[in-house]
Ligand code: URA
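Next up is one chain by itself, shown in structure tokens, the form predicted alone.
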């Protein structure tokens, strides 16, 4: 089964992605670009949501109104720390979303062991839409581990991965275990280097958003 992948190509997404990639962008510019990309990607995702009609009273007469169905069934899983501004942008489109937080990071190649130090995920219902958000979907090892933690809390109606940049390798790695998963991203880059970093990518998203800890 071919993975369900949506690469958003809105002109504003392309512009903000360029700012995020640019090594000369300041910390503030980079963080704002990631924030806007989260909001715009969520906007694109809303195209997949059903709507229901209802009657609304205007100052002049009645008209048909619309409400997004299921917007109160979204659970966002934030992967620390790079996803913080990304998810802040997503909240603009998903104001009723519940949130889970996972601190997970990838070890050294070639095995890329995953260390998870903090997990706080709400109970997942079978009519929920779970969105796992991380700006970089590289090898897929980290996000697969996060998805496994989600599944321990329940089986959602939809499992979705949001990223700024992804790789085909990472998407396929996750899709082997979760073939019905959906992937929304702003770009699919061509390769990973020997350290498992996306090339050309945008560098270390956490360091660029919040500064290097070293």
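Numbering follows the first chain given and starts at 1. Because the structure is a prediction, the values reported are computed rather than measured.
Quick note: we don't show the form predicted in complex with this ligand, though the next part is all about it.
The single contact residue among 131, 90, 138, 83, judged by any heavy atom lying within 4.5 Å of this ligand in the predicted bound form, is 138. Of the heavy atoms in residue 198, some are within 4.5 Å of this ligand in the predicted bound form.
Within this chain, residue 73 is remote from the site of this ligand in the predicted bound form, having no heavy atom within 4.5 Å. Proximity of residue 20 to this ligand in the predicted bound form: non-hydrogen atoms within 4.5 Å are absent; the residue sits far from the partner. With a 4.5 Å cutoff on heavy atoms, residue 15 does not count as touching this ligand in the predicted bound form; it lies far away.
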